[in-house]
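The data below hold one chain only, encoded as structure tokens and taken in the form predicted alone.
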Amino acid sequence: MHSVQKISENIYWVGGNDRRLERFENMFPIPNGVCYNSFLILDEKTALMDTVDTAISRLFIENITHVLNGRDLDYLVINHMEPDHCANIEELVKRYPNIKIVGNKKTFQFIGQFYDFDYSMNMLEVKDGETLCLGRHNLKFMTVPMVHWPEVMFTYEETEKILFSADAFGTFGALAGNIFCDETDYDHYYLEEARRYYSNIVGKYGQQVQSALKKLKDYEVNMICSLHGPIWRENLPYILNKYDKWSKYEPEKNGVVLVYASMYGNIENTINVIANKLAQKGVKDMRVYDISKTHPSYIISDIWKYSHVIFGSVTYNMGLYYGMESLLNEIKALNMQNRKVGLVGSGTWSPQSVKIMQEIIGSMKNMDIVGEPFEVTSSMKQEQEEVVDKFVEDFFKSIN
């Protein structure tokens, strides 16, 4: 049974949802599932914007068949070659042998790497700025490499001013019938997941996202259709401004994320003492995470959101606790920058955690270590409260 919706008079959403998938890219938890968007344009010629993941291939084909209603499929535009969006290319070529696959040079390189079928007669290679006329609708192609793969394109429909934006402006989370952002409680249901999606998947490529945003300034956009998440047709500056800030690695607001790696609760207690003292000084909107319990994607998302972060870790085997080391290296790999950082460590017989954390943070761009990092020997004692108070005071001053 098909499941389609019109997004305009002759353009249809033909995607679907996957609520069974536990982890996106087999890495990121998606408790609310994920949607795979695809859009079909009916005109003198028909054009499909991307395909979907194999998980919903049957529904996808039913959706396309229903909307085409016996017509041929003339074009398949590939904006992004990641397998959750390109899994049905071969099937569509079999069903519609005259179809033209529209992509750039890198697109076709990746098709050859992923699949083993002859598509040489179906290729229509396009370059940045080129157009394709379907009749009333006219498609213009923008190459936006490394947002977040090298072959990525945006397709701009010039008549209705619709941007098909590949993975950009997307989010984790399945659609609950409502396919437009303005039909949802976006701030409460999708925003946190949109940030988690951006920071963990696209976050490394802030410079490339900035380049893409500059390109878009030359276009009037009435609607943004991402490959994941609801469609933007109202208040587009909201999500564009979020992407501008996120890609500049600028915090959205003042606040503190406190992350700890604790084996027996001693560094956990130290972090709780610090959070308590900061709260008494008037710091609001803090987040505290146990690295061993919370998936790093949630922590990274909040570090993207807030201005300050405190890392507290035990020493483990004369090195850094594995979970904390992994988190810091992941943050570094994602190019995180422009944050105020506090460091707290502990150890029993050879404390090393502060030293190692300083080295990792110090190798990152514009990460300002605030206050004097300090280490607890086994457990915090009353006589260390003066050191903690000085650390908290310095950190508090940097927030305001």
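These numbers were taken from a predicted model, which means no experiment stands behind them. Numbers for residues come from their place in the sequence shown, where the first is 1.
We do not show the form predicted in complex with a small molecule, though everything after this point is about it.
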property	result
Contacting member of N104, N266, N88, Q208, with respect to the small molecule in the model of the complex [4.5 Å, heavy atom]	N266
The small molecule: the contacting residue among T54, N32, T348, Q337 in the model of the complex [heavy atom, 4.5 Å]	T348
Residue stretch of 69-77, 150-158, 258-266, 275-283 approaching the small molecule in the model of the complex, non-hydrogen atom distance within 4.5 Å	258-266
Contact test in the model of the complex: Y316 vs the small molecule, heavy atoms, 4.5 Å	yes
S378, heavy atom within 4.5 angstroms of the small molecule in the model of the complex	yes
